[in-house]
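Have a look below at one chain only, the form predicted on its own, in structure tokens format.
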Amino acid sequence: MSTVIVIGAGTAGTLVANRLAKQLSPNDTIIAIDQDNSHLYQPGLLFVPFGKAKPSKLTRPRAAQLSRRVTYIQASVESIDTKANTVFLKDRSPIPYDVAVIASGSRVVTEETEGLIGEGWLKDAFTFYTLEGATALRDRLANFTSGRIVVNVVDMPIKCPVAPLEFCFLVDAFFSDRSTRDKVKITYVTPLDGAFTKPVCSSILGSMLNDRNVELITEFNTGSVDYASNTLVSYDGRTVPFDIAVLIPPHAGAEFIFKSPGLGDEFGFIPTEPKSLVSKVASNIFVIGDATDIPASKAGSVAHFEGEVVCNNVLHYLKSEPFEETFDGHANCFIESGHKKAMLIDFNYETEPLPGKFPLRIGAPLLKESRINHLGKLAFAWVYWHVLLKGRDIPLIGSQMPKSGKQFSTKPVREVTPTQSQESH
């Protein structure tokens, strides 16, 4: 008889708890812990600023998403003692565990950027990475007719790395549909040296920005936000003015990780073995989703693919068996590109996004805008609530990246030269 504690009841924690409920003995105890009872469908936040998703439809009770076998505790985690195998809670008794699965995600830390939370916050500067920010941005865009919109990734890593690019494509379509696109200048500002982290995909996405007349400014490390002049200021002194700034603040791990000696790194992410997903701190602690420090995208699809490996290794630990090292960094993402089209990418640790079909030789097109990918993006909401969170397997889509259908020999793609210094306007 063992006790397994799942810390975090978001995407990763919920699907792991539900998978374990099917796999563990009825005599084992499964406990899920989170600080509130509101499960947010984060992919929907992208659509809120454009009136394509209602905020009230994006949240559901956390407890209702969990198997009846799972005991849900609504409480804030204060810290974890990895040597005593104990989770300490605020205003509640500590809970001992045999196995802990940390699925505490990542959070935006707006306070890390000087001036960001100033008098212009949620007036001229927003983030759609929170429900409050996405809703305020919707109201601001509704009456915006001309000026400069700057989309800025302040620092990496962030949740869903393609979301800021999707926002650029959708805001372009939003004003095109209103016949005011020629009056709105859109600029994408990133600390990366290109539009995205993967070279082939970066070139394609950079070309898509160029085709939509979206200016690309790279290697811009935002040091502060000046609301007196509505300007982003980089550490090297460059400036980017804005009328509306759509900011993706730095991300960090959960606060309790900083209070748990030896558990996380300086950013609050947990050192994790990239293939087995066991923590490097203790062999009875597993990490999934955004909480890890592995070189995989912090996206919901990654958590889904990780779930099978994490749950199998929990069982291996309880049976004193060797861990399996089968997670290959598989990530899969629909990239909404506007005008009812989207692009699909699928990659892992070793293979960057490639053209072809997914998941087999007959399937959705990869690295190509299409209507079917847009429909897939929309259908994902149903899959999320009824399949992914339930810990169910998706037919033909396993934890490892499928190779069938991919074109491993690619032709050169058109490259776009980004702007690295501020132009005169």
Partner chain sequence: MTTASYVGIEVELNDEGFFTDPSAWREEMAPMIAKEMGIDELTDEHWRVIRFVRDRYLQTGGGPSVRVLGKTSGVEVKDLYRLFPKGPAKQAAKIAGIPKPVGCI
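Positions refer to the first chain, counted from 1. All values derive from a computational prediction rather than experimental measurement.
Same protein, other form: the form predicted together with its partner chain, not shown, and the subject of what follows.
Gly133 falls outside the set of residues with a heavy atom inside 4.5 Å of its partner chain in the model of the complex. In the model of the complex, none of the heavy atoms of Gly338 sits within 4.5 Å of a heavy atom of its partner chain. Looking at Asp155, you'd find a heavy atom of it within 4.5 angstroms of its partner chain in the model of the complex.
In the model of the complex, at least one heavy atom of Ala296 sits within 4.5 Å of a heavy atom of its partner chain. Residue-level contacts in the model of the complex: of Ser283, Thr231, Ser207, Asn221, one residue has a heavy atom within 4.5 Å of its partner chain, and it is Asn221. Val109 is the sole member of Leu89, Leu170, Val109, Val200 with a non-hydrogen atom lying within 4.5 angstroms of its partner chain in the model of the complex.
With the partner left out here, its partner chain still marks one of 317 to 325, 91 to 99, 120 to 128, 186 to 194 in the model of the complex; by a 4.5 Å heavy atom cut-off that stretch is 186 to 194. Contacts of stretch 115 to 147 with its partner chain in the model of the complex, defined by any heavy atom lying within 4.5 Å, are made by none of its residues.
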